[in-house]
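What follows is one chain in structure tokens, specifically the form predicted alone.
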């Protein structure tokens, strides 16, 4: 049958691969299995076979695509610059379109539709908060069980949408905040840190009411049309803003890279929070704290390091806060969270999570900095409660706040 959707991998994308194999050492699933079909080269070979009519989109093809974490580490080392992430999302869209089943329909309902319904996310957040407080969260299966490792979800469930925060003086500009779906209720402290730092630097911050989920989880699960709808809604919501700050690496990567047509203008205005805060520190709009706070381990989210090539900025932020960044993995191997991957492939996800946790333990650091919610959940699951996991911007805001208190005294 070949391809049936407009999102399918293109011949140009597939022919760019020269089968050199440089992707093999950096691919988590190939490292775990040694299976060629579990490598970027093997997956591209399967896609090419479908494109040429040698293979069809069947369950075996679906398994090969589903096993990929979509971490995009292969793109960094690829001499031909194959857009593997884009091709993978196209292949996943084909799997969903050609192999409909109850499991894929359920994931599309959750990640393609439910996440953009604010009321459903709020209700789920209330349930999660209740599970935390009653102590039943650790006994829940899969992703729900990981709620136990989250920082406590506030009650009532907060939201930044539809709100504006002014600086103390005359604003030198306005920056829009991308609230996201999970970040808003589950990681509100990160939003607070970003907002307060931008206010400190002299900016007005606005969180548009009509924004929605970025669509990354939908795209990764093959719900391409749903993901495109979300991009279009966000294009309209952020119209008129020159800068849109995003404090979840997966969201910023998706909004930058998945905005065709009118969305291209939004993509050009999106900046990850680590980029923006680091630049404000460098220009002197935000302070450097001259206090030795000790070591902090660095975990690079795949969609920050590999997709956006943002590596130096989180480290610069932590140094400005007085921390000593400690490397745990110079190659940035995936932690195994990968959105919904921990639900579909729990054993692989847990093995990668354990390896990442072991890397942290080796450093002896009691704080880990990570700029993505999925990674934070994964780390909290596999580390004990004596190790804190927090966003780099969150740690920096705490240092700035403490310095203000000391100065005030």
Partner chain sequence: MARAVDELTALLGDDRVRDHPLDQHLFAKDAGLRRGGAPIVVFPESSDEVAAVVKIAGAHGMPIVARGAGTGLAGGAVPQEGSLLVVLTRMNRIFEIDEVGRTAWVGPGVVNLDLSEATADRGLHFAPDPSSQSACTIGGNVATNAGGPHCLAEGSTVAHILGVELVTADGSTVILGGEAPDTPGYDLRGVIVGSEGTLGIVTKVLVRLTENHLDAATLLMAFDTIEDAARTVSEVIAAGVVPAALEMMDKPMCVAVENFVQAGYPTDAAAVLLADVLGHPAGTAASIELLSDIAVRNGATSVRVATDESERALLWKGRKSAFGAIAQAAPDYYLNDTVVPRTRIAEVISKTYEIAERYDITLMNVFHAGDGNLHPLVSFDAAEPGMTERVVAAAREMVTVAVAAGGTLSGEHGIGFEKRDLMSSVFSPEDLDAQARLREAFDQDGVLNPGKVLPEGSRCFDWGPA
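Just so it is clear, the model here is predicted, and its values are computed rather than measured. Residue numbers count along the first chain shown, from 1.
Separately, the form predicted in complex with its partner chain exists; it is not shown, and the next lines address it.
S.K.: Mind telling me which stretch in 360-368, 53-61, 377-385, 337-345 gets its heavy atoms within 4.5 Å of its partner chain in the predicted complex?
M.R.: It is 53-61 that comes within 4.5 Å of the partner.
S.K.: Identify whether its partner chain in the predicted complex is within 4.5 Å of every residue in the set 42, 49 and 76, based on non-hydrogen atoms.
M.R.: Judged in the predicted complex, 42, 49 and 76 all sit within 4.5 Å of its partner chain.
S.K.: Could you tell me if residue 399 has a non-hydrogen atom within 4.5 Å of its partner chain in the predicted complex?
M.R.: Residue 399 lies outside the contact set for its partner chain.
S.K.: Does its partner chain get within 4.5 angstroms of any non-hydrogen atom of residue 16 in the predicted complex?
M.R.: Contact check for residue 16: yes, within 4.5 Å of its partner chain in the predicted complex.
S.K.: Although the partner isn't part of this model, could you tell me whether residue 279 comes within 4.5 Å of its partner chain in the predicted complex, counting any heavy atom of the residue?
M.R.: Looking in the predicted complex, residue contacts with its partner chain do not include residue 279, since no heavy atom lies within 4.5 Å.
S.K.: Hey, in the predicted complex, does residue 81 get a heavy atom within 4.5 angstroms of its partner chain?
M.R.: Yes, residue 81 lies within 4.5 Å of its partner chain in the predicted complex.
S.K.: At 4.5 Å, heavy atom to heavy atom, what parts of 22-50 sit next to its partner chain in the predicted complex? List them in sequence order, or say none.
M.R.: Residues within 4.5 Å: 22, 24, 25, 30, 33, 34, 35, 36, 37, 41, 42, 45, 46, 49.
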